[in-house]
Structures are given as C-alpha cells and as structure tokens.
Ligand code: F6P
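As a starting point, one isolated chain is supplied in structure tokens, in the form predicted alone.
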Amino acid sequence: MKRMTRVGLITSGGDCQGLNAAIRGVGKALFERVPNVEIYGMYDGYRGLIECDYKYMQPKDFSGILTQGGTILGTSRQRYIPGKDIVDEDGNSLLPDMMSTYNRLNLDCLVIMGGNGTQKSAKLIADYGMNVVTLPKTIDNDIFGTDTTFGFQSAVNIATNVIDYLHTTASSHGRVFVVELMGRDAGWLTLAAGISSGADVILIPEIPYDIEKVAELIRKRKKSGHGFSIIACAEGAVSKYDKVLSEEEARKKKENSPYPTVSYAIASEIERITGQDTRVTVPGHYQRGGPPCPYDRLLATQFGTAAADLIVNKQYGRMVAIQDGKITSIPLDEAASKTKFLPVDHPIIQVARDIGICMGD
C-alpha cells in the first residue's frame, strides 16, 4: 500500500472572489491524481494551523463551491514582522504552534492562498521547516511574479459596474463623482475599472496628483458641454504635495485631517476650486464580495490544479503564477521579495492618456 499523502489548506488575509474555486481545484485534482490522500482545511487562516482547528475534508466538500464567494474555510489576519516572525498580540512567536499542528497531522505540505502579506508570511513558514505551496489571490493584483491574481478580474467587473451606474445620476444632476476604489499601494484595479467604465480622471498611488490639473479637466469638460465628471480614485492616491512628506509628517497630517479618506479631501477641493457639486461614493468591501466571475473561476481552478501538480512532484517552496498566458510557478523567495506596483510607463496608462483621461499629473 502506498504511503498516505496529507495536505493542509489555508486561506489567509482578506477574502476575495475565487478562493473557493481554488480550494475546489486543489482538492479535486489531488483526489483524482493521488490514490491515498487526506486533506485538512484549516479554519480561519493561520488561526486554524496555530490552534490545530481543522476540518477533515472529503470529496463532497469540494462540490458546489465553484461559484461561491468568500471562503468556506474562513480567514483571518495575523501580526507579521517583516522577514522575521509571525507573532501574537504579546509578541510571542506563533511558528512553533504552527509546526506542532503540522507535525501532529503528519502533513506533507501546506497550500496557502493569500495576498502580498501572505506570500511573505508563507516564506517564513517554509523557512521554519514546513513544506509550502502558495497561490496568489488579491483584488489588488500586486503580487510579484504573476501577470494576474484571482479575485482581480471580479473586482474590476464590480468596480466598473459601480461607475457605470453613477454615470446616469452624475449626468442628471451635473455633478462630479469621486469613486474611491480599493488599492492602498498599487493602482491596477482603479486603472482597469476607470478605463473600462469611461472615467474622466484616474488617480492611482504611483502617480501623485495635482488637484489643479484635475480641476482644469473638469472645467474644460463643463465648458465643452459635459456637465458632469467621474473621478476613479484609488484609496492610496496621494497628492504631489503629500508625496514629499516624511512618514511621520504624513501620519500626523492624516490624524489631523477632517476627512475620513483621500476621496473626501479631493471632493472638497474640487468643489472649492470649480464650484461644481461634488459627491463621493465608496463601494468598499463590495468590490471583493459575491461570486467570482467566469475568468476568476477558470484561473483559480488552473492555479489549484497546478498546486496539486507541485505537490505530486514534491516541488515545494513555490508560488503558482501565470506568465504570458501560461500557468507556471516561481520560487516563493521571489514572490515574497517585492510588491508589483503599476509602472508609470505601463502601456495601459498610455492608453488612458491617449483617449484623454487625466491621470492627475
């Protein structure tokens, strides 16, 4: 009788569309390819691994979840000290507890699905001695080494839909709408949704904005007969004046700001400069909720089956990725090494400029 293969599944960090599709891809592929396999789903991300709280998963558990949003395993966030440790509230390392569960269940590998922070913490887990394979999920699309992540396209669809619906009310009332989209560090989501929805201004973290340039575009539109304007603004957008502030200066300014987010500050400035009625819409977590779009269902399934293939071939310490349309994998060291920011000379940014979209600069 062949030796039993035991695999733990973890969904970590923020949820997004496609996690269940990826879980399904891993599980179904393992049951198809490995004669003797046991799969354990860790509850609530790393918490389940830390506390040995898990579900023994049978083939039926992987059915009926392809179109379901969120994650059937639950998720959570753990405090992470970059490059050093995963710790509790008192600063105590949680890695020994994770290893204890890993050894207790006699696991051969952990499949960890998550965003940038998860890739980095997974690297620590791998360095501690556990076999790890990771999958890249985030609506921000900012994980290094993969052209796209599952969850991204679903979020683009939702954000685009939000702005599509705002066009009619903005036009009816002759208003400016600032739509704040997710993306604290990278502008991939805002750029894609902004172009796809016909936004007039797109503000992303990588290109500091000049509020006067934005106001100039709005005045120009109104003068030419377009009484409304739509601004797609990433939550991490920053003005050219704030960009030069030190980290401490930026923190103090944020603490003393009368505005809850950057979009409200932008809306106030636009209204003051142009005199035009300006409103803010923040779809927030709506962007990462609901069922995954067909593209993400397919991509997550491809990633899941690729993870199973890595396990079968004992190729641990790698992240599944897509590059130039082909499913591949890269060393986890590489994936966790940096954030994939949107290059300011990216061809899609030039597309935006070519059709007259103001990028704020």
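So that there is no doubt, residue numbering starts at 1 and follows the sequence shown. Since the model is a prediction, treat every value here as computed from it, not as a measurement.
Another form, the form predicted together with the ligand, is not on view; read the next lines as being about it.
- In the model of the complex, the ligand sits beyond 4.5 Å of every heavy atom of residue 180.
- Contact check for residue 272: every heavy atom lies farther than 4.5 Å from the ligand in the model of the complex.
- In the model of the complex, the ligand sits within 4.5 Å of a heavy atom of residue 288.
- Contact check for residue 184: a heavy atom falls within 4.5 Å of the ligand in the model of the complex.
- Contact with the ligand in the model of the complex, judged as any non-hydrogen atom within 4.5 angstroms, is confined among 274-282, 79-87, 138-146, 204-212 to 138-146.
- Out of the listed residues 216, 242, 164, 235, 235 is the one that sits within 4.5 Å of the ligand in the model of the complex by at least one heavy atom.
- Contacts of stretch 242-258 with the ligand in the model of the complex, defined by any heavy atom lying within 4.5 Å, are made by none of its residues.
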